[in-house]
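Starting off, we have a lone chain in the form predicted alone, written out as structure tokens.
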Amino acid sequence: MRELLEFLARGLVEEPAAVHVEEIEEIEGEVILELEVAEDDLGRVIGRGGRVANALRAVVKAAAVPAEKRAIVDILD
């Protein structure tokens, strides 16, 4: 899941080297993915009205289903 989010985010931003995803497993079966991008690319990752961010969350959530986990994407500013 971490690799998927990193791949998708790098395709959206102008500074792919600045993309960093940290995976934190808190509660059993729940994974939090913290996405960090360059300040100038934050708008690209969030999108108008949060559409891009919601799409990223939906894709990662769907990828977590076969592993029987619940994924939460947190975009850090």
Partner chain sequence: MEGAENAAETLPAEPADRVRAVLERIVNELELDADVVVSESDGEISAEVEGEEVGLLIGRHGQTLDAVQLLCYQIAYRGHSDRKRVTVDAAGYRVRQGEELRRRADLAAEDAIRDGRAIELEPMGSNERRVVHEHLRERPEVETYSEGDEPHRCVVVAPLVTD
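Positions refer to the first chain, counted from 1. What you are looking at is a predicted structure, and each value in this text was computed from that prediction instead of being measured.
Beyond what is shown, the protein has a form predicted in complex with its partner chain; the following relates to that form.
- In the model of the complex, its partner chain stays beyond 4.5 Å of every heavy atom belonging to I24.
- Though the partner is left out of this view, V52 does reach within 4.5 Å of its partner chain in the model of the complex, counting heavy atoms only.
- Proximity of K69 to its partner chain in the model of the complex: non-hydrogen atoms within 4.5 Å are absent; the residue sits far from the partner.
- Not displayed here, its partner chain is approached by M1 to within 4.5 Å at the level of heavy atoms in the model of the complex.
- Looking at 55-69, the residues that come within 4.5 Å of its partner chain in the model of the complex, counting any heavy atom, are A55, L56, A58, V59, A62, A63, V65, P66.
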